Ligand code: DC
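In structure tokens, the next block holds one chain alone, the form predicted alone.
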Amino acid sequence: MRAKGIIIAIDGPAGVGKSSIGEMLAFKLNYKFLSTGKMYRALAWKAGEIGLDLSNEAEIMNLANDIKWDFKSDENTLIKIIVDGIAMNSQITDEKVGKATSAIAKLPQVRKFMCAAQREIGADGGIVLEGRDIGSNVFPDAELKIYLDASPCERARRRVKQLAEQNLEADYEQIFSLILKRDKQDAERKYNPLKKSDNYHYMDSTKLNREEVVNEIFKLVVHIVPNVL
């Protein structure tokens, strides 16, 4: 057992709800929670702010090393990402940053940098991390690995609903197409592609709500740490 508990890795495709599920699970366990994709988004946002060429790996890596990174937990267990004193919130959620993130996430040295940072953050355990390669690359020795999935149709439907709740318009067919494109990119990425293997607990959430998914994962945690609460 690690100093603060186990490591729970949640991997899976875009739009499957890993972040909301992970945060809910961490709160239930009184664990910390890190959405690792936000680290890539934060770097992409900073690169965009200063106008870097997103395909220039050397420039992006110089920026990554120059940034003053801070990771602070709030009262709800969420680990907040702070870049040069600026807490990352709405500025990393827009579509422009999303596209930039896809570009830099392909760079092998960027993935290596992020992997090292994530390992440092989670080394003591007592943490839930979600992403694309947490169980396969960042923490292959994680005590619990979940591959969370849902059909592309359901993921598109959830995204449309999420945007509607924010009073934003969304085109289902466009979102569905983007999800299929992102799935293909993630699966075919040369470095640390999205993949599931036999040591993952596969969970199809297509017909489950968030609470049901959290409860199913919690049952798995109890098998590993009976006195977790």
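Just count from 1 along the sequence shown to find any residue number. Model, not experiment: these values are computed from the prediction.
If you look for the form predicted in complex with 2'-deoxycytidine-5'-monophosphate, you will not find it shown, but the lines that follow are about it.
message: Quick check for you: of 39-47, 26-34, 166-174, 52-60, which stretch puts a non-hydrogen atom within 4.5 Å of 2'-deoxycytidine-5'-monophosphate in the predicted bound form?
response: Comparing against 2'-deoxycytidine-5'-monophosphate in the predicted bound form, the contact stretch is 39-47.
message: Taking any heavy atom pair closer than or equal to 4.5 Å as contact, tell me whether A156 reaches 2'-deoxycytidine-5'-monophosphate in the predicted bound form.
response: Answer no; every heavy atom of A156 is more than 4.5 Å from 2'-deoxycytidine-5'-monophosphate in the predicted bound form.
- request: Report yes if any heavy atom of I127 sits within 4.5 Å of a heavy atom of 2'-deoxycytidine-5'-monophosphate in the predicted bound form; otherwise report no.
  value: I127: no, not in contact with 2'-deoxycytidine-5'-monophosphate in the predicted bound form.
task: Report yes if any heavy atom of S136 sits within 4.5 Å of a heavy atom of 2'-deoxycytidine-5'-monophosphate in the predicted bound form; otherwise report no.
output: Looking in the predicted bound form, residue contacts with 2'-deoxycytidine-5'-monophosphate do not include S136, since no heavy atom lies within 4.5 Å.
- prompt: Does at least one non-hydrogen atom of T101 fall within 4.5 angstroms of 2'-deoxycytidine-5'-monophosphate in the predicted bound form?
  reply: Judged by the heavy-atom cut-off of 4.5 Å, T101 is in contact with 2'-deoxycytidine-5'-monophosphate in the predicted bound form.
- prompt: Tell me, which of A105, I81, A150, A142 has a heavy atom within 4.5 angstroms of 2'-deoxycytidine-5'-monophosphate in the predicted bound form?
  reply: Checking each option against 2'-deoxycytidine-5'-monophosphate in the predicted bound form, the one that comes within 4.5 Å is A105.
query: What residues of 107-127, in sequence order, lie within 4.5 Å of 2'-deoxycytidine-5'-monophosphate in the predicted bound form by heavy atom?
result: Heavy-atom contacts to 2'-deoxycytidine-5'-monophosphate in the predicted bound form: only R111.
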